[in-house]
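To begin, one chain is listed below as structure tokens, in the form predicted alone.
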Amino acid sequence: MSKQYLTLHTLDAVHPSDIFALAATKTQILSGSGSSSIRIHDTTQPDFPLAQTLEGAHKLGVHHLVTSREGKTAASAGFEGKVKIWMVSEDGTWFEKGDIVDQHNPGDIWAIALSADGNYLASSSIDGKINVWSLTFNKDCMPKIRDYETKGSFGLCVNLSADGKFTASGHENGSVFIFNNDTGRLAHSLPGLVQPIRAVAFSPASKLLAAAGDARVIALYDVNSGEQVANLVGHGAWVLTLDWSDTGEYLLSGSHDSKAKIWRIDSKSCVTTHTHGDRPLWAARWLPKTTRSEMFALAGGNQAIGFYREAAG
């Protein structure tokens, strides 16, 4: 069964270089690129106007940008090696809370993820270590509370489950790991996809983990058992980004050939495909559902953000 999504609006030339990351709250979408600034657009207005620019957020550009599920905390990772933590004020403007450096060199902290409540941040690194940090202290004290060892392969992606119990990571050698945050131990070393894993994402109920990358296949795993329960096949290029809908019924994916696909989880089938320009699609994100219609945003090498809305509703 297919679904129809309409192009709602396109913001052109949002950044002067590739847009590598999108992160959403109920009222805003944040974007980061190879340029130094983070841009924030208002998603409550039909023309998605620019609401704020965080000038000079990362002098060498932003490669990862995430928000917490409750929408009050954001984190950005820059090519200079820093992770910055941002908070939103009552009037919707963002300000810097502090940063995590930990004597890291550029690339030592790579992918990042925030817990649902914004109290914890997970990060991957080039040496394969996965770290978890507490953000509940003041800006000068955001300590590392977990340090997970892997097989030493570059950690290309990381995610925290919505219930806070698990951290997942995907690596350059094709490995996928799930760690138990309560025990601080490895829960599962999952059968990987052999080639580099570029995105991992827990379902909203924390029962499934999706993983994908250069193999062009999206693998679904049962989080409790570690069993691989499905393969979603259809992308013709590296899969770069994954995001679950609020209900967990659908999975959004984006690939290097500018294609975005939406997968219905119960039938394990692709229900729609969209093309976003002719450059790599680095970021694909659902917008938190505030109306009857589902909406998602796409961004990548064409420096634009496209917004799409479900045709029904």
Partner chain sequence: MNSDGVEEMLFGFPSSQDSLDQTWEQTYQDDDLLEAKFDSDPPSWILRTTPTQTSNWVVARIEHMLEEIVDGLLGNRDQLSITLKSRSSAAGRVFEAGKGMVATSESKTREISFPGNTPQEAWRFTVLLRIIELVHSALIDNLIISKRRVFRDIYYRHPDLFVKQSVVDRYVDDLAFTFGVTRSLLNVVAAAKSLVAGHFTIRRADGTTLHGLDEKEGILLPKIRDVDILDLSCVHWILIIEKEATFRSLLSSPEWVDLGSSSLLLTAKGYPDLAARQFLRYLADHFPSIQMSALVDFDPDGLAIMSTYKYGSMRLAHENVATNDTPALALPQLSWLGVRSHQLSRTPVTGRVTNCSANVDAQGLMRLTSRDRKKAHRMLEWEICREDGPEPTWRSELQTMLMLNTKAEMQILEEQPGGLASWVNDAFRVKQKAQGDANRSVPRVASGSDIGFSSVTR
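Remember, predicted model here, so these are calculated numbers, not experimental data. Residue numbers count along the first chain shown, from 1.
Note that the form predicted in complex with the partner chain isn't included here; everything after this is about it.
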*Quick one: is Leu240 in contact with the partner chain in the predicted bound form, heavy atoms, 4.5 Å cut-off?*
yes
*Can you check whether Gly248 is within 4.5 Å of the partner chain in the predicted bound form, heavy atom basis?*
no
*Quick one: does Val271 come within 4.5 Å of the partner chain in the predicted bound form, counting heavy atoms only?*
no
*Given that the partner is absent here, does Phe20 sit within 4.5 Å of the partner chain in the predicted bound form, heavy atoms only?*
yes
*Among 66-74, 262-270, 45-53, 275-283, the region lying within 4.5 Å of the partner chain in the predicted bound form by heavy atom distance*: 275-283
*Would Gly34, Lys59 and Arg216 all count as contacting the partner chain in the predicted bound form, using a 4.5 Å heavy atom cut-off?*
yes
*Contact residue in the predicted bound form, from Asn119, Asn231, Thr93, Gln195 (heavy atom within 4.5 Å of the partner chain)*: Gln195
*asked:* Suppose contact means any heavy atom within 4.5 Å; which members of 227-260 contact the partner chain in the predicted bound form?
replied: Gly236, Ala237, Trp238, Leu240, His256, Asp257, Ser258
